[in-house]
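Take a look at the structure tokens below, where one protein chain is shown in two forms, each on its own, as structure 1 and structure 2.
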Structure 1
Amino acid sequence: MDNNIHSKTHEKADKDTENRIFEAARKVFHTKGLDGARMQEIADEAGINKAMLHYYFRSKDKLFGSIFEEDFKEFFKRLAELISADLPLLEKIEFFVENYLELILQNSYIPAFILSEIHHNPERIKNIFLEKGIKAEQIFMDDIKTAISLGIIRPIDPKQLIVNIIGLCIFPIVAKPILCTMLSFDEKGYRNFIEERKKEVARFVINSIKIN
């Protein structure tokens, strides 16, 4: 009985330490990126020594990969929920843009993580998609095809429309440092800009495809 209690206590301590490492690594990776991050910085942020960090994760790449896969899967799970919303296409575009922009604003490191992985380990991205069976985009494509057939929107390649919407949303997040410099935004000004962007992107896309 005592051995069972000791084992459970040890498992909980291990899990708590692993979670602390994950949160510390996220903070360092988000600030400095994969290449700029150092294991010593992560250990310091987690309040542990470097030897203990290596006990849980033998390399920076392994730690980065674990965090990336966890965050990437959760991000696309929430993205699939947005795409699957039971709404007419034009309302869905408005709903998707508003919530997708907020989602990537809250997880602004995800696009940078994805770009990094595309260059360093493209197979990891591919395998995550295959493992999760991410097919929610097909729902969006079917909605677009239906709207075309009903004469609600002009004929357009559904894939092009989806990429247009995602690109218009992602760019202001990825290019935040450039936009803040060019447009003289402080943090509050940038956030206000993104709030306006939620409406502007939806309006721009709908006006470009809607049949009056």
Structure 2
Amino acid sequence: MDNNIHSKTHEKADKDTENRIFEAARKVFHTKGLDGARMQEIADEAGINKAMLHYYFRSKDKLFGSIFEEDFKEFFKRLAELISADLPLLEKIEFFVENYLELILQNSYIPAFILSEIHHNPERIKNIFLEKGIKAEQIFMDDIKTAISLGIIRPIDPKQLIVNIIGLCIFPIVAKPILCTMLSFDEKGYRNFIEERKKEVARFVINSIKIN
């Protein structure tokens, strides 16, 4: 499966100047953030004159905004897709955790990028409307309610459960440098730790909610 978020929308990056800029800007913004990024660095990364950034995107803010919006939407679109899989709840949780963790792992800068930028400017989230987002979460919450009423899982606030599942996936990715320090992981050890989480998180969640 192609889990790289950027491959669809800008696959011909090499040929098109606008896309070269876009990808270069994405790379720089992801690591440095809006405030830490420099237009000159983006231009250098794209191998192009700095004036072209303004020619195509007018301002730093506009360039950042278009990247942030695409990343945000794409990231939650993928989440919505996984969450909408047509599976019984417990299998869906296994399916979701495995694929969501893999998605994050292959786009490891995205979660910290989004959280960091929203932390510095929470207003930005309001400028983005999500078509499918709300619908998909509602479906999942209904799944949970149904499973509760059928006696498949114990009673639990569906919102709490969703936040639990997503938090268990995202946190260890966002906190990677801290985990590596505190738990003495090298790159390989960390990778292995996350790999094991693909099964462990689902097991952890299902153990908690399943009624035998």
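Under this definition, the rigid core comprises the largest set of C-alpha atoms superposing within 1.5 Å between the forms. Structure 1's sequence is the ruler for residue numbers, which start at 1. Here the structure is a predicted model, which is why all the values come from computation and not from measurement.
Taken from the structure described as the form predicted alone is structure 1, whereas structure 2 is drawn from elsewhere. Superposed on the core, the two forms barely differ at Phe171: its CA moves less than 2 Å between structures 1 and 2. When the rigid core is fitted, Gly189 shows a C-alpha shift of 2.4 Å between structures 1 and 2.
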